[in-house]
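This document starts with one chain, in the form predicted on its own, laid out as structure tokens.
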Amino acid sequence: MDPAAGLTDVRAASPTTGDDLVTLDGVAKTYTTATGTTQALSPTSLAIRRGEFLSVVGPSGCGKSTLLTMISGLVPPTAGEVRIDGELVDRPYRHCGIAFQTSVLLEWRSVLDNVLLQFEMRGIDPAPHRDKAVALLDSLGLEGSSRLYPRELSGGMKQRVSIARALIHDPSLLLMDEPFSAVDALTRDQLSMDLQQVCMDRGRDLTVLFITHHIEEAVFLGDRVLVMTPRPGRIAEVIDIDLPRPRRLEDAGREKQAAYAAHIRETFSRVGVYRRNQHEGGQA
């Protein structure tokens, strides 16, 4: 199977509008190593709308995290350009928050002080923001935890602290790289519900790029789902998720959500993500 066969024209699938926060124009990334070069991401053009939740799913190594780090300005593209609010991103973008796969908390600082680190790193006095940080922690299910230390927290609690730290400075853009991958299934469900509520509360003031390997999670959270091919990554399809909010976990297996998930799996099969099983009549 040719992984490039039948790919969506990304410019047509995600046309720019007058209300886009992030635009990527021909953005590509090639890494040079001791053994040669590796193209992580093929030239990609995409518009991320202000206030939307864009889920990104794709196989390991397809350039999802590379895409995120280029948008953040932490890694420069090899080709093309990234713009946020019309401004070229040529250095780390200060008005975003980032949540990674692991919480990356400082073990010697309390929960509250880990959240307030965001201000200290920006040269801002954190003291006036303590009450706001406590309220944010409470809204994420961490009532009474502000004085605890990371060693006293569960994995899910640590990720909630990480999300609070990413949000405390009211960023316009939240970048999330598989933030729920290291927690158990029940905690993952609750974190998805908590994140949905945060996004609904902030409305158009918060735009989210959310990377995940979990197809149902991508559908549950996303306004759109961007589906990527194997390396060198390119966009196979951008799918609008027409489901009302708030969404409920108990609806996740119902007909419309299940149909979106099935369509994404069919796309993965078409672009060569799934290996064919010889005992299933050639079906992926």
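Note that residue numbering begins at 1 and tracks the sequence as displayed. As the structure is a computational prediction, the values presented were derived from the model and not from experiment.
One more form of this protein should be noted, the form predicted together with a small molecule, which is absent from this view; the next part is about it.
*Asks:* Find the only residue in H213, R147, R91, H95 having a heavy atom within 4.5 Å of the small molecule in the predicted bound form.
*Replies:* Contact check passes for H213.
*Asks:* With the small molecule left out of view, choose which of A28, I239, V219, C62 has a non-hydrogen atom within 4.5 angstroms of it in the predicted bound form.
*Replies:* By the 4.5 Å heavy-atom cutoff, the listed residue in contact is C62.
*Asks:* Taking a heavy atom within 4.5 Å as contact, would all three of D85, H169 and T207 count as contacting the small molecule in the predicted bound form?
*Replies:* So, no: the whole triplet misses the small molecule.
*Asks:* If contact means any heavy atom within 4.5 Å, which of 250-258, 43-51, 30-38, 219-227 contacts the small molecule in the predicted bound form?
*Replies:* After filtering at 4.5 Å, what remains is 30-38.
*Asks:* Residue-level question: is E178 within 4.5 Å of the small molecule in the predicted bound form, judged on heavy atoms?
*Replies:* Although the small molecule is absent here, E178 would touch it in the predicted bound form, with heavy atoms inside 4.5 Å.
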